[in-house]
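Take a look at this single chain in structure tokens; it is the form predicted on its own.
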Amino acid sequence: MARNVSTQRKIVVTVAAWAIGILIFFPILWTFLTSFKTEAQAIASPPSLFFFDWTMENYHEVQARSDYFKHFMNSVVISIGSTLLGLIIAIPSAWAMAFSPTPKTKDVLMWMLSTKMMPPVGVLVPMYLIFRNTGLLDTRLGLVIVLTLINLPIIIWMLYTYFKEIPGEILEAARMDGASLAKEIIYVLTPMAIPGIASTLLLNIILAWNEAFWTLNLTASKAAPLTAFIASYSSPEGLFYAKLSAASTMAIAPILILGWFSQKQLVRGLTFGAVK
């Protein structure tokens, strides 16, 4: 039986939800508005939220100074490439852990998760030397590899959770019908876990798109994604807030649009198997 909720409680919860939402969204709104100001208006005190002389000058200057579409394509290739490579590795791994576990499976899962707790700067020097000696510095392939390794524990953990919710009897029935291991994973397991795989894919594209530490330290110009594009507007001469805001808006707009249109799929995937 559904629990009755008072009107007063509904109002309080709604107001609290809107307040939290506005608080989270406000920095993005502020960045967007600042991108249409002049540098003088951007640092004016008290600041003006809506009433100022709107200008597109910052966007023109950002595009003239930096090739936005080059950085954009680098971000697309690196984020999608690393996520797809991670899924290719993670799906068989998660299948093995979910349906053919060993006494050490949980230990392996915890070890993988523990690697995310290590500060990235702790392995920066050896990673940099490996990339330099193998010719992977400032290449898309190098960033695809390193971002795959960084996000692989998250991908495996998420897929493992989704696969655990799939009845093993279905896979056994496929084996009895003569399905090979590859066909079992591709034609039986994967279609049943599409919501979980889709949400994992979307979440890890977002994580790879927003990755700044490795992209700033392992690239210079050729493979520099949008995170490096934003950082280029922080210079020893000072912070140019209006231009920095324009660059930030151009960098986050694609991923915000992706998140907006895929939010139902994300929620569906992240809650996959949560309701019994």
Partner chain sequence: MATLHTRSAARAMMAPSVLLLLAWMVVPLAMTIYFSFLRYNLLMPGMEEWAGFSNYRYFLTDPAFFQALFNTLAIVLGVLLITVIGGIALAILLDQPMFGQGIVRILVIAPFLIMPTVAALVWKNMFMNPVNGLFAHLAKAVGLQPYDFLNNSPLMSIIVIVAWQWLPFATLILLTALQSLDEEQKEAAQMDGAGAWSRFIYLTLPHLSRAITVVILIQTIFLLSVFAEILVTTNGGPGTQSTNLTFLVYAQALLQFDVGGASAGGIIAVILANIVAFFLMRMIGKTLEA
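In this text, the rigid core denotes the largest set of C-alpha atoms whose superposition between the two forms falls within 1.5 Å. Positions refer to the first chain, counted from 1. Remember, it's a predicted structure, so these values are computed and weren't measured experimentally.
One more form of this protein, predicted in complex with the partner chain, exists but is not displayed; see below.
Even though the partner chain is not shown here, does it sit in the predicted complex so that M56, V62 and A198 each have a heavy atom within 4.5 Å?
-> Checked in the predicted complex: no contact with the partner chain for any of the three.
Listed residue (A174, L149, M192, L87) with a non-hydrogen atom within 4.5 angstroms of the partner chain in the predicted complex | Only one option qualifies, and that one is L149.
Contact test in the predicted complex: Y187 vs the partner chain, heavy atoms, 4.5 Å = Y187 lies outside the contact set for the partner chain.
With heavy atoms only and a cut-off of 4.5 Å, decide whether F36 touches the partner chain in the predicted complex.
-> Outside the cut-off, so no.
Would T161 sit within 4.5 Å of the partner chain in the predicted complex, counting heavy atoms only?
-> No.
If you check in the predicted complex, is T115 within 4.5 Å of the partner chain, heavy atoms only?
-> Contact with the partner chain, yes.
Between 122 to 146 and the partner chain in the predicted complex, list the residues on our side with a heavy atom within 4.5 Å.
-> Heavy-atom contacts within 4.5 Å come from G122, V123, L124, V125, P126, M127, Y128, L129, I130, R132.
Establish whether a shift of 2 Å or more occurs at the C-alpha of V123 between this form and the one not shown, with the two forms superposed on the rigid core.
-> Shift of 2 Å or more: no.
Comparing between this form and the one not shown on the rigid core, is the C-alpha shift at T227 2 Å or larger?
-> No, shifts by less than 2 Å.
Large Cα shift (2 Å or above) at L171 between this form and the one not shown, core-fitted | Superposed on the core, L171 moves its C-alpha 2 Å or more between this form and the one not shown.
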